[in-house]
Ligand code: THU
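Next up: just one chain, as structure tokens, the form predicted on its own.
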């Protein structure tokens, strides 16, 4: 038997204002997308903005349905929209932000497990990491250099 340690590295910024200027713009796009989320049940709005290698920005936001769980997360809306509109174009960065009408979201909100799995497949297929920036409504922003930092021991098509 051998024990291994799995470590996830991240950088924490105190606020949006500490981010590089280009990333601040991407996060502000995610905030705009968050404002258009359809979340009448959870009251939890999420916005995502993807920067593609062709400098296009693709937005997504969560979309709920009374027939839970048939809604969709902002991250998957954005990545599938990018793949359908810009097939084969690599994703460079992803910005995510979340807010609630019931409470102040003052800590970073990372992608859910299903989104991590979906995003990891895009990262693996493009053979380049995707920088992920995520935050709540206010406060700190977490950055990882790769989605795979958030999903160690990931499952991908090589197992099939």
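Bear in mind that the values here come from a model prediction, so they are computed numbers and not experimental data. Numbering follows the first chain given and starts at 1.
Heads up, the form predicted together with the named molecule isn't pictured, but that's what we're talking about next.
- Proximity of residue 62 to the named molecule in the predicted complex falls within the 4.5 Å heavy atom cutoff.
- Interface residue remark: residue 111 is counted as part of the site for the named molecule in the predicted complex, having a heavy atom within 4.5 Å.
- The shortest heavy atom separation between residue 46 and the named molecule in the predicted complex is within 4.5 Å.
- Taking non-hydrogen atoms only, residue 73 approaches the named molecule to within 4.5 angstroms in the predicted complex.
- Between the options 42, 93, 126, 118, the residue in contact with the named molecule in the predicted complex by a heavy atom within 4.5 angstroms is 42.
- This chain is displayed without the named molecule, yet in the predicted complex the stretch 62-70 from 62-70, 131-139, 100-108, 28-36 comes within 4.5 Å of it by heavy atoms.
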